[in-house]
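Shown here is one chain on its own, the form predicted alone, set out as structure tokens.
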């Protein structure tokens, strides 16, 4: 494969006097296998590579890209980005990142075993997952899908302002989506396992997870409406933290599109809540040595002991807010320009596991899954109203399953009513880690 860093260096080195040039070069390969009814339903492998170029001159930014590593085409893309800059609206905050003196932490994010892992073995993992789910419980009526997937990628970024960085990573996973049934009642569930390479996958764990999540909801009914304490399952907490990630964007805060605008330094949560975004944590699947502008990633505290202490910034949003980048630039690949976002958001864990938190709550609701997040959560007002399913908590233990309920509060109120943060941190294929989280006094709408 071509030297991505060398390609980026040659493009950025062609900057003219008075202009800033950024070259982002990336390569990506992924494989997906789906098993169904004991056979391979689909198998695909795809590879992509490309170059994205930004040019900033006179407060105007131009961008262009090409889905190829041919440097003759790259020169054309550079010219196109220059041309596009001429049509852009001037913005005094536009500009490329500059070295800030923070050194990159060495991270082990690449597994050589994945590149050597044969396709036949990938297929067998997907088939094995399906077999285990089917054999794991007589109530499993259908395995909707049993999937193996992996991805490996490399990227390099060089700017005429002195940035030069490269990174690479691998990931793979197994996931099952199942239907369980008893009589006329059916419920769905899913389970998965994820790792840097095939040695990190646990087929039995993924199968067991899918079976449990489907079967324990059999017989679920709509409960009576009530105000109660809830325990969020780890995956649900990860979804909540992903929502918080958007509200903690420095750009959204500066533009008044966040519930945290004007609240820096305030007590926004109970003292037991500490929230950090740390892409240098190798356990996080969003971990990286550098952000999408080439600055070295570092841990950023956002909430400490309940107090709001910081926001996430890329170069643009930092200039907009009159501060410095937190190396929180993200991008979708060579076809897009950077924006600000979290990579590895997590709550500092407490001392209790989920069973102990359920016992602590005593009576309430364990929320296994939620729906309607995009329409039911407002990042500006903080309104939170989503569909939910799970199990009632009675006398400190899990009781009957429930479905077709709505749980509602505000994000502000939820943060101020945290009862306990679990010790059961689970790093998910998300910008946030999962952890059991108990919150007091939510409204549950049922019958």
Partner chain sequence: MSASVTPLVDQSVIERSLAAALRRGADFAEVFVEDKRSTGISLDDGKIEELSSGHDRGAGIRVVVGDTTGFAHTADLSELGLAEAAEAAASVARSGGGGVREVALSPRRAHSPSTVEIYPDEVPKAVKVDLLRQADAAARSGHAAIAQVSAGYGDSRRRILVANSDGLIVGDDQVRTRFSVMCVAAGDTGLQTGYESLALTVGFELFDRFSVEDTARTAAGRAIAKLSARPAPSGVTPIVIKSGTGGILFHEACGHGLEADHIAKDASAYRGKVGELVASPLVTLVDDGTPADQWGSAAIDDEGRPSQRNVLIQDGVLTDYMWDHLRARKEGRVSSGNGRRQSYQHLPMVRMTNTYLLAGKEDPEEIVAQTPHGVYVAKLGGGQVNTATGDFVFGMTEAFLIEDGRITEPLRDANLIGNGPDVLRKIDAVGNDFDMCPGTCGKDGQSVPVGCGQATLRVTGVTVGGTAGA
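Under this definition, the rigid core comprises the largest set of C-alpha atoms superposing within 1.5 Å between the forms. Numbering follows the first chain given and starts at 1. If you're wondering where the values come from, they're calculated on a predicted model, not measured in any experiment.
The discussion below concerns the form predicted together with the partner chain, not included here.
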Candidate spot 164, 280 and 300, all three touching the partner chain in the predicted complex (heavy atom, 4.5 Å): no
| said: So, residue 289 and the partner chain: in the predicted complex, are they within 4.5 Å at any heavy atom pair? | reply: no
Practice item. Look up in the predicted complex whether residue 46 has a non-hydrogen atom within 4.5 angstroms of the partner chain, and give yes or no. Key: yes
### Query
Can any non-hydrogen atom of residue 6 be found within 4.5 angstroms of the partner chain in the predicted complex?
no
Indicate whether the partner chain has at least one heavy atom within 4.5 Å of a heavy atom of residue 263 in the predicted complex. no
The partner chain in the predicted complex has a heavy atom of only one listed residue within 4.5 Å, and of 418, 398, 57, 64 that residue is 64
Interface check vs the partner chain in the predicted complex: of 160, 239, 84, 247, the one with a heavy atom inside 4.5 Å is 84
Only one of 321-329, 108-116, 86-94, 268-276 sits within 4.5 Å of the partner chain in the predicted complex by heavy atom distance, namely 86-94
In sequence order, the residues of 96-135 that place a heavy atom within 4.5 Å of the partner chain in the predicted complex are 120
Check: Does residue 218 show a Cα shift reaching 2 Å between this form and the one not shown after rigid-core superposition?
Finding: no
For residue 88, does the CA position differ by 2 Å or more between this form and the one not shown when the superposition is done on the rigid core?
yes
